[in-house]
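As a starting point, one isolated chain is supplied in structure tokens, in the form predicted on its own.
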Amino acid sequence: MAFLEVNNLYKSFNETEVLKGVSFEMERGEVLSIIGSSGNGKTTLLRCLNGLEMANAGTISIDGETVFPADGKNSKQTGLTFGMVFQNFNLFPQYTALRNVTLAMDVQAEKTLGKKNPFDFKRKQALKELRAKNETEARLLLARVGLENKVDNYPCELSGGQQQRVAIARALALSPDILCFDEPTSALDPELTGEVLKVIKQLRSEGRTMIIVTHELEFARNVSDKIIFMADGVIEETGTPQELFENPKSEKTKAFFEKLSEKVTENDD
């Protein structure tokens, strides 16, 4: 049994069918990259996995337990099972880097402690202790992404690369089973891309299970165990980086790489 199993996932927006029966599997500790032209369902797939969009049909299972569709009996929730790093960072501008990381942790702590009671002083003390613990963990996470000296800075005081690293720390804060990246470098200048990719490589070396939607093909080739090529809302081809880049079988995959090669040649000219 695979760690993640996605079976026959469909998603439509009004009359537009975006996902048309997507199925794939991955093992714990694997890195899966999803590539393909814009508008072919890659981001929608990630959003359905995270519960940010509701699929119309299909199932998602983690470690043998179904997380979608939810039936009220599931111990796992898609929002906690999958961590999401967005291409535009999505940080709260009014909060420091530290607070951006601790916010979801504190919300989860409140849920863990149950219903609020203004006279429950034991609960207040327990919450205070959990928040202190969360702050310590958040500082460690920011240090892991190289931002130990930026904990008190606001997003407007950080570069794009630094903001994205805060977003990665935030995604790690709830210890998700699978970390998802939606074009993590697309909003960055080329010189800032390297620092984010370095963090992702570090996470891979730690054995993190990750799904990465990216146009950085060379990066995908170097970091991935498996690559999916999506076209027209379906998985057109799946394989190892070597199989997909050196010996693609689908005509659509071949055409995708040929088109990219032509663009590179044009830019060189």
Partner chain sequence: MDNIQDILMELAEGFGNTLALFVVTLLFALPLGLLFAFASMSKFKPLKWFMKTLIWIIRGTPLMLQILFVSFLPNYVFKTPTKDLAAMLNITINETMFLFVALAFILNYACYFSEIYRAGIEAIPVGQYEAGQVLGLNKNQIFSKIVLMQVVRRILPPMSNEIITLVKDTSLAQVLGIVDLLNAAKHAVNHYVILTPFLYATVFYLLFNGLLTLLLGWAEKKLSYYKV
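Remember, it's a predicted structure, so these values are computed and weren't measured experimentally. Positions refer to the first chain, counted from 1.
Beyond the structure shown, there is the form predicted in complex with the partner chain, which is absent from this document and is the topic of what follows.
- Taking the partner chain in the predicted complex as the reference, which of E110, D120, D177, E137 has a non-hydrogen atom within 4.5 Å? Of the listed residues, the single hit is E110.
- Within 4.5 Å of the partner chain in the predicted complex, heavy atoms considered, which of S224, T209, T214, N50? The residue from S224, T209, T214, N50 that makes the contact is N50.
- Message: Within 4.5 Å, heavy atoms only: does Q94 come near the partner chain in the predicted complex?
- Response: Flag for Q94 set to yes.
- Is N90 close enough to touch the partner chain in the predicted complex, meaning at least one heavy atom pair within 4.5 Å? N90: yes, in contact with the partner chain in the predicted complex.
- Task: Give a yes/no on whether L188 approaches the partner chain to within 4.5 Å in the predicted complex, heavy atoms considered.
- Result: Result no; L188 lies far from the partner chain in the predicted complex.
- Query: Using heavy atoms and a 4.5 Å limit, would one call A104 a contact residue for the partner chain in the predicted complex?
  - Reply: Contact check for A104: yes, within 4.5 Å of the partner chain in the predicted complex.
- Query: Can you pick the stretch from 192 to 200, 122 to 130, 169 to 177, 142 to 150 whose heavy atoms fall within 4.5 Å of the partner chain in the predicted complex?
  - Reply: Single hit among the candidates: 169 to 177.
- Message: Using a 4.5 Å heavy atom cutoff, which residues in 129 to 154 contact the partner chain in the predicted complex? It's fine if the answer is none.
- Response: Counting only heavy atoms within 4.5 Å of the partner chain in the predicted complex, the single contacting residue of 129 to 154 is Y154.
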